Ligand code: HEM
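To begin, one chain is listed below as structure tokens, in the form predicted on its own.
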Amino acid sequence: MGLLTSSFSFQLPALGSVSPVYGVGLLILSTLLLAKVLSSLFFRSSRNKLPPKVWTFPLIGGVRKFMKGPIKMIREEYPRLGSVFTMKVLNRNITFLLGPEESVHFFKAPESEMSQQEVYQYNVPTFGPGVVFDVDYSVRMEQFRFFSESLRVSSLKGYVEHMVLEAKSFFSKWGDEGVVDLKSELEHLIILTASRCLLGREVRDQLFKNVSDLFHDLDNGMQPISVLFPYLPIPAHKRRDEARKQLADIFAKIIKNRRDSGKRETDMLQAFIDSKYRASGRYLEDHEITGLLIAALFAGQHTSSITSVWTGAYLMKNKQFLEPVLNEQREVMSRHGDKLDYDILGEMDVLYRAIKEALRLHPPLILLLRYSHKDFMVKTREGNEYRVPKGHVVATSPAFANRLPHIYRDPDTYDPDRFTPGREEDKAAGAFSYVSFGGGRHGCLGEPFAYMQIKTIWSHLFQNYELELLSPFPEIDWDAMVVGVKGKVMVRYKKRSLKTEQ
């Protein structure tokens, strides 16, 4: 208080020289002035309260702690620091917002305040120049519009036809009974399906093996070290760059042949060939189409294959939830027979909830990141307020937020019924209670595609095979860039027809 008293003291006149009324008035005035100053200082200090910090070693900051696993770090720090805290990683401050109440600004802020481009630059060598995170916001929004238009309902209906044909062809090779690694099988099927729906008939029918190998090199070129040093001259990055160059050459030939022939296909490649920018009126260039296709495949392939495996593993383990899924399949087959299309898949609410619950427990993207261009205030569920400074990287974690006990009852338990009408735990704390597909301004455009793909696979399997999980229940592979299933998932299958069963 020494500073306050010295800064705001003043000399009162001697009481004997003034009237009592004047003295009392002066005393009241001085008291009010002092109260106002103290209130102003207190308010200012509360507005400047920064989030608590994770203790880290100097210089390298939290690199080691972060690289050992961000979810492990979050689980350790959350009980001590709460739902908003900052950790220094090298020269970056990362502020975590862990909950639907805390992450509203993260999801809803305009790009001028909270942007993706700075934090996702490590994707540029993989996707290529001139697309997504290598362009300014206005161009990126136009490119996202191309994605959105290629995934509208009329397009999805055509994609589902491809999905059904691929599933039937793939599983016809299984035979009547046997044992398979379900993880490996579904990964292979989904890249076949994605190749047909996204990359086109030419790739699926003629160039699948070549393109698949190149995508494998691209995929392996995205290492944890790539986030910090995307151009580091390591072997994985060199293979990534060569694969990207070869893919560009392949797609340049396919695009030229399509344009020259005038032939049209029902795939995302065709949608991009037909798209043009509103501002300039120009069509996409070949390198832009290639980059957007690579981005689409990266976004969809891992999510669909990982979620498909988790969905099957949970249902095979939890028979009380498998039986309602099978009953739904029986009911659908009683009305539509063996037919599967977009509208029929849309009727499968029980299967939808089973997939959604697997995604709640295991979102493939465990961290979502933004860069803060302005200071902003965040208020926690407990009422604490913090100022997050301009220049911070801001992170939220679907993997952590989706298991918060004040939103989800028994949050670590697989329970698809938590999404049934009347219960709807995913809406318990507002719009961002469930963020497996992100949300707000940057929600995942491919969510409907992913659900259609996974529903197609499991509808075919449940209608035609009896399945038994042989392996122990899978563990989480926290070491992967896109967090999925660790090790093999061995399953015994036996051919059957669900519609003939009573």
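Values in this document were obtained by computation on a predicted structure and should not be read as measured data. Don't overthink the numbering: it's just position in the shown sequence, from 1.
Keep in mind that the form predicted in complex with the ligand is missing from the display, and what follows is about it.
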Notebook entry, point to check: Just one of P416, G200, G128, P364 has a heavy atom within 4.5 Å of the ligand in the predicted complex. Which one?
Noted result: P364
Item checked: Proximity to the ligand in the predicted complex, single hit among L247, L368, M333, M114 (heavy atom within 4.5 Å) -> L368
Next item on the list: Considering the ligand in the predicted complex, find the one stretch among 429 to 437, 468 to 476, 455 to 463, 50 to 58 with heavy atoms no farther than 4.5 Å from it.
Entry: 429 to 437
Check: L345: heavy atom within 4.5 Å of the ligand in the predicted complex?
Finding: no
Notebook entry, point to check: Would C444 count as touching the ligand in the predicted complex under a 4.5 Å heavy atom rule?
Noted result: yes
Next item on the list: Although the ligand is absent from this view, report whether W174 comes within 4.5 Å of it in the predicted complex, heavy atoms only.
Entry: no
Note to self: in the predicted complex, does G291 come within 4.5 Å of the ligand, counting heavy atoms only?
What the structure shows: no
Next item on the list: Select from 128 to 167 the residues with a non-hydrogen atom within 4.5 Å of the ligand in the predicted complex and write them out in sequence order.
Entry: F144, F147, L151
